[in-house]
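Here's a solo chain for you in structure tokens, the form predicted on its own.
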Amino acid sequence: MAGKERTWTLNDLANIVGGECDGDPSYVISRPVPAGTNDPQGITFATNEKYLKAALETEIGAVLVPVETPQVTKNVIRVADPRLAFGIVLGAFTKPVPTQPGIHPTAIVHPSATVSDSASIGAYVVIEENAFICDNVKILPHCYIGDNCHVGENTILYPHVVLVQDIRVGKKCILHSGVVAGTDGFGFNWNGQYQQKVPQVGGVVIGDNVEIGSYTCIDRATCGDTVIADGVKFDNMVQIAHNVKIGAHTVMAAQVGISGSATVGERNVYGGQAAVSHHVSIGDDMVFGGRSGIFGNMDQAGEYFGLPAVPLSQAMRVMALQNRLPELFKRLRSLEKEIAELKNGT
């Protein structure tokens, strides 16, 4: 049987987001919806007149708008930042993970492991020796927690997360389905006959408030630790190689790859499929567009794009010229022909 739908009055939502209710305070809102949706029980947001006009042309139940918005006929909640307020509304409608404290009968927990009484351990979870599961941790079905792993308070591991060995996950983290942390780093040496494996004996340290998207892989260090600092956010299918250091509050979109022993600074942003070469050091507050390639050390805060990555303004000029290459090549050939004719006296 489906769970009961959660609803809020307009006044409730105004109080939650710290805004001013302008409309029927008892009007019932059942769900957040995308802009342009015809839903009398929905709420959306508008950051400017263009989006507000589009919202007013629908049957939307309510709109989050900037404080200075002129009077309108629809229910609105006036806030300083509608986009930020909409994020708070989304949180109010979030469905809780269906768990309860305790260990499911099908879970396998090593006698030497420590599991908090308030933790929730789902069906078919395996927890190996000397693992430590802190208060209010939620580990959903089919996860594997290897030996000497530590999972901090209020962290959620969705189904099929694997912590191989010697992994420390901080507080209030979210690891989505399919995340694998602690697989061997990609280390091999050519011994004259074949690629000889370099043993990988280090660990992984993940800070507090980190969110890691599905099927992201974080390799264990060759020795020492691969480190993901506090507040880092990874999209799906990100690859973090051995001994990498990722600075606090850095964000990486899908399919970003960071090669071994690279160091990434704080508050960086990486677009999809961007890549950092091995042993490269990146400074703080740097933004790299999708498919950018970083091959050398960079420490000047700013926006970059390209392969190799260059300042965004320079990259845009290069891209504009690329579209003219056929024309420029044709002109160059014509000029070369004219010069040759002049040299030949014709």
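Start at 1 and count along the sequence shown; that's the residue number. These figures come from a predicted structure and were not determined experimentally.
Although it is not shown, the form predicted in complex with another copy of the chain is what the next lines describe.
At a distance of at most 4.5 angstroms from another copy of the chain in the model of the complex, none of the three residues Trp8, Asn154 and Gly247 contributes a non-hydrogen atom. Only one of the listed residues (Ser120, Gln239, Thr263, Asn75) places a non-hydrogen atom within 4.5 angstroms of another copy of the chain in the model of the complex, and that residue is Gln239. Contact with another copy of the chain in the model of the complex, judged by any heavy atom within 4.5 Å, is made by just one of Leu56, Met319, Val67, Ala301: Met319. In the model of the complex, at least one heavy atom of Val33 sits within 4.5 Å of a heavy atom of another copy of the chain.
The shortest heavy atom separation between Arg267 and another copy of the chain in the model of the complex is within 4.5 Å. Remark: Arg168 counts among the residues lining another copy of the chain in the model of the complex, judged by a heavy atom distance of 4.5 Å or less.
Looking at Pro141, you'd find a heavy atom of it within 4.5 angstroms of another copy of the chain in the model of the complex.
The partner is not shown here, but in the model of the complex the stretch 322-341 reaches within 4.5 angstroms of another copy of the chain through a heavy atom at Gln322, Asn323, Arg324, Leu325, Pro326, Glu327, Leu328, Phe329, Arg331, Leu332, Arg333, Leu335, Glu336, Glu338, Ile339.
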